[in-house]
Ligand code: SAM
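In the block that follows, a single chain appears as structure tokens, in the form predicted alone.
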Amino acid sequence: MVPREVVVEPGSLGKPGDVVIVAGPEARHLVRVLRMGPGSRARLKDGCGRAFSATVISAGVSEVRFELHEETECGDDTLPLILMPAIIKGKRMDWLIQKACELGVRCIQPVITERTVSNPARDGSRARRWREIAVQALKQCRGNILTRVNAPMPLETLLDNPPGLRKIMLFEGEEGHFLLEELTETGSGVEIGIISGPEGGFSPGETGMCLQAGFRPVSLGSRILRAETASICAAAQVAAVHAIHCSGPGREGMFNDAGKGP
């Protein structure tokens, strides 16, 4: 039987012979849903690039104990993508963070703009919650590497220190160039940064600043999407193109020379 993959808290894996405890609702899921009990084999991953083969040594609905055996290979399964969404209100931002992490976005850089309703940088509580959401999303999708969620940053600060990558801006005013075209022109192995605006979009001044900083405007289509939908739609397109490039030689031929489907 193939060992179950279990994602544990970041940094909780030590060395062979150590005991790792999974508690709370996750323990209940392992016992009642996955039917794991003493002697069950597992592969534990900590989201930091480490993984171990392990065996359950005791199991209850409140706590499951694993004994670590040998360390195993754990590759980077994240997308070469830094997602830079303008902060939106409440649970919609939580949802954006969760889904971006499930898709495997490498890094999320929340951005404070003129139209940001609340400033989560004041007490740091929302940023801490977003990081907790990232951990739970990794456990749900059983990924290898935890998405890094940075502290919120004002747009001006971000643009004063632009990341050294392929910079793309989701822009509802762009009509002639689509994100999928941009991605297929970029090719594999290139780290991408995608910035997206808040409800109502960037202000005209902010749009000009992004363009001046080297962000290329792209469209997601004729419909105007909600802010969180646009970010996840973009991340999903990156995931699809990345999967095609990584699936084997010649698969990128699914796209023609213009970067469009046949």
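Since the model is a prediction, treat every value here as computed from it, not as a measurement. Numbering starts at 1 and follows the sequence shown.
Unshown form predicted in complex with this ligand; subsequent notes refer to it.
Residue-level contacts in the predicted complex: of 213, 57, 225, 61, one residue has a heavy atom within 4.5 Å of this ligand, and it is 225. This chain is displayed alone, yet in the predicted complex one of 31, 42, 218, 51 has a heavy atom within 4.5 Å of this ligand; that residue is 218. Remark: residue 200 counts among the residues lining this ligand in the predicted complex, judged by a heavy atom distance of 4.5 Å or less. For residue 132, no non-hydrogen atom is located within 4.5 Å of this ligand in the predicted complex, even though that partner is not displayed. Using a 4.5 Å cutoff between non-hydrogen atoms, residue 170 counts as a contact of this ligand in the predicted complex.
The closest non-hydrogen atom of residue 230 lies within 4.5 Å of this ligand in the predicted complex. Only one of 66-74, 191-199, 22-30, 43-51 places residue heavy atoms within 4.5 angstroms of this ligand in the predicted complex, namely 191-199.
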